[in-house]
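We begin with a single chain expressed as structure tokens, specifically the form predicted alone.
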């Protein structure tokens, strides 16, 4: 039987608890490596944006809107600092609609599009597609490509809010953290203290407006441990590619970190000399801007696995 971990009740969503990844939060569940789990998540708005209520209306009513809540922490048995937690993403079950917002003071073009006003749009989701209705009344169909926007372990020393990505994971908004792929995360605390939320039905690279198709979801995962194997930043492995996910500001520093970590991965695990790997990435690497809206920006550097085969 697959273990089901429910999302935390709305009245227990708190800035210091469900809106942080932290060594100070008490685990809500324990999971063994190899065990499959289904984890319920809130959307990034904590359920406060609905088909009949915009985010602004919620705030105007005085409702304290939870910020990017995660389900967790989840204690992974046997996980210790210097290990790597592997998270195999098996499936994401989506609802029948999702929300997209823009908010003054937030977004990749803040200060460039000064006419922005608070807005919320609800898009229907059915038959594997998102149906986005334009202001002109036209309905644009976009294939769903669901992924986990915020996912990570506890940091080493401090509580970090769930809006901020970093070496621990967090709000990377990386579309490659999708079903069929495996996420690798550094373990910084006994039990890892894992959490996730902020699922997106689909997102464009950069998440330029500050939100995607934000949805609550049920995520099916399988955890594993690489004992005594240490990594500095999150990594993603697909059937065809290896990827490093790094966050920093300015954006070029995030790119430099991601490429450096890809060089290190090629050298430590695949027998490449570091300078040789560096040269080869200039020939064959790809990259995507995952997001440019969070306190730190996120870049994903990629290399096809076919080039790693001996």
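Numbering follows the first chain given and starts at 1. Treat the numbers as computed from the prediction; the structure is a model and nothing was measured.
This next part talks about the form predicted in complex with another copy of the chain, which is not shown.
Another copy of the chain is not drawn, but in the predicted bound form it has a heavy atom within 4.5 Å of residue 251. Though the partner is left out of this view, residue 37 does not reach within 4.5 Å of another copy of the chain in the predicted bound form, counting heavy atoms only. Put simply, residue 275 is close to another copy of the chain in the predicted bound form: some heavy atom of it is within 4.5 Å. Heavy atoms of residue 228 never reach within 4.5 Å of another copy of the chain in the predicted bound form, leaving it off the interface. The stretch from 85-93, 235-243, 150-158, 70-78 that comes within 4.5 Å of another copy of the chain in the predicted bound form, counting heavy atoms only, is 150-158. Taking the partner from elsewhere, no residue among 127, 181 and 224 has a non-hydrogen atom within 4.5 angstroms of another copy of the chain in the predicted bound form. Interface residues of 273-307, taken as those with a heavy atom within 4.5 Å of another copy of the chain in the predicted bound form (partner not displayed): 273, 274, 275, 276, 278, 279, 280, 281, 282, 283, 284, 285, 286, 287, 288, 289, 292, 297, 299, 307, in sequence order.
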